[in-house]
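Just one chain follows, in the form predicted on its own, and it is written as structure tokens.
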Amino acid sequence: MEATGAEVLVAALRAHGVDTVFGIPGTHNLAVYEQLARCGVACVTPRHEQGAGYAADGYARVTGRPGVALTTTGPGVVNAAAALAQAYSDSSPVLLLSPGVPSDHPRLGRGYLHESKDQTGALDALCAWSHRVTSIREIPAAVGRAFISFAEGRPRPVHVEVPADLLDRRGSADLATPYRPMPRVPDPAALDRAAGLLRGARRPGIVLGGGAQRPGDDDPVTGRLAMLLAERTGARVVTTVNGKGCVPESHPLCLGATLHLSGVRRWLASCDVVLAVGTELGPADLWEDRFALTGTLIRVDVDPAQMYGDHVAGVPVLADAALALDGLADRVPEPEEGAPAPDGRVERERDAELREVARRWAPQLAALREVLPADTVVVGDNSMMSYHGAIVGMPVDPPGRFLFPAGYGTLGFALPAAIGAKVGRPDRPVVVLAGDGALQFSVQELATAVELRLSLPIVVAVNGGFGEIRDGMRKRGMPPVGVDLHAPDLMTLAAAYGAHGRVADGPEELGDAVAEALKTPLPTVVSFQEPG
């Protein structure tokens, strides 16, 4: 096609099925916005580029389609950097598009507006890769490479930069047909070895991570196959936070997202065979840096590097999770005498820890579970209500989802990610869980939710600052420093943005407020005082 760089860029996006872009217009990306409008691509405008990145991430996690963010040069790109680093940590397919300095720009700079020393290099250090195109002809190839990287192997965010002068310049380019890679098929010999170990295991365990999720699929085949293996072998199943919701947490063999509880870690360390699917088994999952397995580790992953991570695979199965589990299920029949009955020890230890860890949140979480539909997408911020409460104390069964900024652990994720999730799946109820400290990192996105008229309950636990850090300071024996913060009047703030607001004085009022918010065609901030 003979066209401007902006026309070629948007045509390449449309060829890959992109119909929504999250971003903020700026001086250097106006040509792209002009073409997006002409092509009917929905443009969602968060109030900060970091919000655009989180929204694209939330969109990707619930739709199974890559989320696309668009910023201007310089500060716009850098503002989105934290969101890209979070998407990298959580293996989320996010494409960040941005202009760059003109193609003839001198390497040492000349004071150009939004000029960065090395914009591409800065982003390359945070995501899978960052690429600056050098011609209009190269634009479709760069976009195509991004979408191939999302579909083949471990999905991670990428950045494509187009020099600002190319966006309005005319040139020729070939729009190649999008390439659809086939799922990675497991090696039958590896499946035979793994199945033999599982059949002979006395104390098997299964760990499911984010790689066991199938975003956009309300019929989680990977989870069903994992539970079938558990039922045939008597294995318990535990998930990481990113794996939460891929299997029914109500199942008697499911331990939930409790990998970080000490009793569950002891059980996992005692297993003679562990099947780990789509997980790093990293310190951020285990809340322990020196965890060691004693049994044989079967790893199922699309990322070859994971076979040689902190926990080296005894049997590596490099494959799509669903195909690998299907192959294992064919090789592990139901035993004639039935699977051995669990002794219940790990469940008793887990339940005792849960009562201690989540007790302060139990009444509020019970009230939320009572009113939230089964298919609710729960988006938690990196707040105490999430990681000490909802992760372990709010069971999720498919097709529900739980989105959380694991690993990198950013603050301000929940509200913009929930907006992206609701835009991507308007048919699904979505709810935000955040503390007052985390909310204020991205509270301006209330304006975006109001503008889109999203039915979005935003549940906020108020503790007047950064409660987890305050507790950490006290454990060190030091006085709290810089963590006791002024808490704004959230009801007045919500009203100023055009949203609704309610204060819940107890669990029953909290449940009633969230139930009402789900039926209200505007966001509703529901705050309550964090329990002591």
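Counting begins at 1, following the sequence as shown. If you're wondering where the values come from, they're calculated on a predicted model, not measured in any experiment.
The form predicted in complex with a small molecule exists for this protein as well; it is not shown, and the discussion that follows is about that form.
Note on contacts: among Leu493, Ile469, Leu30, Cys39, the single residue with a heavy atom within 4.5 Å of the small molecule in the predicted bound form is Ile469.
Residue in contact with the small molecule in the predicted bound form (any heavy atom within 4.5 Å), chosen from Gly409, Gly216, Gly309, Pro342: Gly409. Taking the partner from elsewhere, Gln35 is found to have every heavy atom lying beyond 4.5 Å of the small molecule in the predicted bound form. Taking non-hydrogen atoms only, Ala438 approaches the small molecule to within 4.5 angstroms in the predicted bound form. Mapping the unseen interface onto this chain, Gly465 counts among the residues with a heavy atom inside 4.5 Å of the small molecule in the predicted bound form.
The shortest heavy atom separation between Asn242 and the small molecule in the predicted bound form exceeds 4.5 Å.
The candidate stretches are 185-193, 264-272, 297-305, 409-417, and the one lying within 4.5 Å of the small molecule in the predicted bound form by heavy atoms is 409-417.
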